[in-house]
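One chain is shown next in structure tokens, namely the form predicted alone.
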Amino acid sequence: MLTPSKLESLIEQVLPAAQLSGLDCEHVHFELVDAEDIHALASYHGLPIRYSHWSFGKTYGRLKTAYDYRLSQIYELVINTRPFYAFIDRLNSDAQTLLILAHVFAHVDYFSHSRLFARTPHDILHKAARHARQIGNYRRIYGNEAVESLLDAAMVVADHVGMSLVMARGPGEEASDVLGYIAVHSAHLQDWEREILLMIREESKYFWPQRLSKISNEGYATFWHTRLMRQITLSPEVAWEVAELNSKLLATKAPQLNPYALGSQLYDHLYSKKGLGAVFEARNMLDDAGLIRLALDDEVIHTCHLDIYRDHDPNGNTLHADLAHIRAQLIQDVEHAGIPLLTVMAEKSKPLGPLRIQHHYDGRDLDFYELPFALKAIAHRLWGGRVEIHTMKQGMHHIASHDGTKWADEVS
């Protein structure tokens, strides 16, 4: 079991190598915790103090079950704040901790230099704690049901907050900040309800860059922990255990995409072709889609087993897609974090009239099984009237709507 003094001695092995390699390792506050603590932190998306919601408990149950059945394990968790916080499972072995520390320092360097995180609030822990206290106060004043139903409805559009830190634009323009638009313009909401929606929006914006850089960020950390472990003198037993953990992290289980494996291969490829400067430049500038556009080629595809095979072929041949097809599919899957792009049709939406939302169709239909429930939650709890979404379905233009009591789907 790790102790604080043992952890300190392991940090002294890894940190000098990381700094000599050019990583910017700002002060990191390490905490040794139990596996259940890491599951709890991960279920709250890494924020130790956050408002309560049943969905976080659901995530905790899923993570704990996967851990109990040895299907997955979370070895560390880093919070992008100042100072940085890193939580490490105290049951990790010394060898595992060496690799994890190198991984953590690379994450810290990534958060410090990537343009995606340049404007994320460094005091998010204080903001989240304040949100939790205020939402708890509103539960006592207005009741659990009123607050919980508002949170449920807000979650429907919590991923649609746009890239800008400013509020949604006014009438005459479309706004990708759907949640912000509703919070400001809905005539149905009371002031305390608007306040809660803006809290949810603020936390969603903090997490948005992480969703855009899962492959890039984890790949960068994996690229560096591999290099740093080669630079540190390890005993044969420790080297074997480090290699064993590294192989687990890089294992691919089709059809799931392993961001550690793909991302590290992309950075490895950049390093071998253009040197370390290209790696740092990609860290600074690129999200997942940009990194794939820059570095994905046939060599990476074959190394990461990304070829798409058909199960059955009349001639018995094994077929796979070409580079252009795989690249286009991957970019579509990660662009805008893989979430449908929605914008408010502000010029056609009125506070006492319908809320009209445009789905920017990319060839993939919305889930029309879930859509009635999503629109009902917005119409009934957030907007207080008819909500429309303009989209495509099987090549036809559709206007799906809900007024809080009735669902409609019209072909236009």
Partner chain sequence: MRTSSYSIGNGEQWRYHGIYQDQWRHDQKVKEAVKANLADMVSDEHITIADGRRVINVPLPELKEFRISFDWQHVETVGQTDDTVRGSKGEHKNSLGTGKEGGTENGADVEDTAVTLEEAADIIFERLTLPDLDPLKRALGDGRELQPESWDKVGLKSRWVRRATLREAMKRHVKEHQERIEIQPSDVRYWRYEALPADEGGAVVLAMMDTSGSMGTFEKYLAKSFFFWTVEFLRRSYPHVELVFLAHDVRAREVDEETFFHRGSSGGTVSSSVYRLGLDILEQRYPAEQFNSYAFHFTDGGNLTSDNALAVEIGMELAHRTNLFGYGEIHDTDRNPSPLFQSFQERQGIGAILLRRKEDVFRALEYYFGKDREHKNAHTLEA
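This is a predicted model, so every value here is computed, not measured. Residue numbers count along the first chain shown, from 1.
Missing here is the form predicted in complex with the partner chain; even so, the following discussion is about that form.
Interface residue among Ala132, Ala146, Leu294, Ile74, judged by heavy atoms within 4.5 Å of the partner chain in the predicted bound form: Ile74.
This chain lacks the partner; the member of Val156, Ala289, Ile196, Ala95 within 4.5 angstroms of the partner chain in the predicted bound form by a non-hydrogen atom is Val156. Not one of Asp68, Met229 and Asp298 comes within 4.5 Å of the partner chain in the predicted bound form, counting any heavy atom. The closest heavy atom approach of Lys214 to the partner chain in the predicted bound form falls within 4.5 Å. Mapping the unseen interface onto this chain, Gln329 counts among the residues with a heavy atom inside 4.5 Å of the partner chain in the predicted bound form. Remark: Lys127 does not count among the residues lining the partner chain in the predicted bound form, judged by a heavy atom distance of 4.5 Å or less. In the predicted bound form, the partner chain sits beyond 4.5 Å of every heavy atom of Glu281. Per the 4.5 Å heavy atom criterion, the partner chain in the predicted bound form is contacted by stretch 105-113, the sole one of 234-242, 267-275, 180-188, 105-113. The partner is not shown here, but in the predicted bound form the stretch 260-281 reaches within 4.5 angstroms of the partner chain through a heavy atom at Tyr260, Ala261, Leu262.
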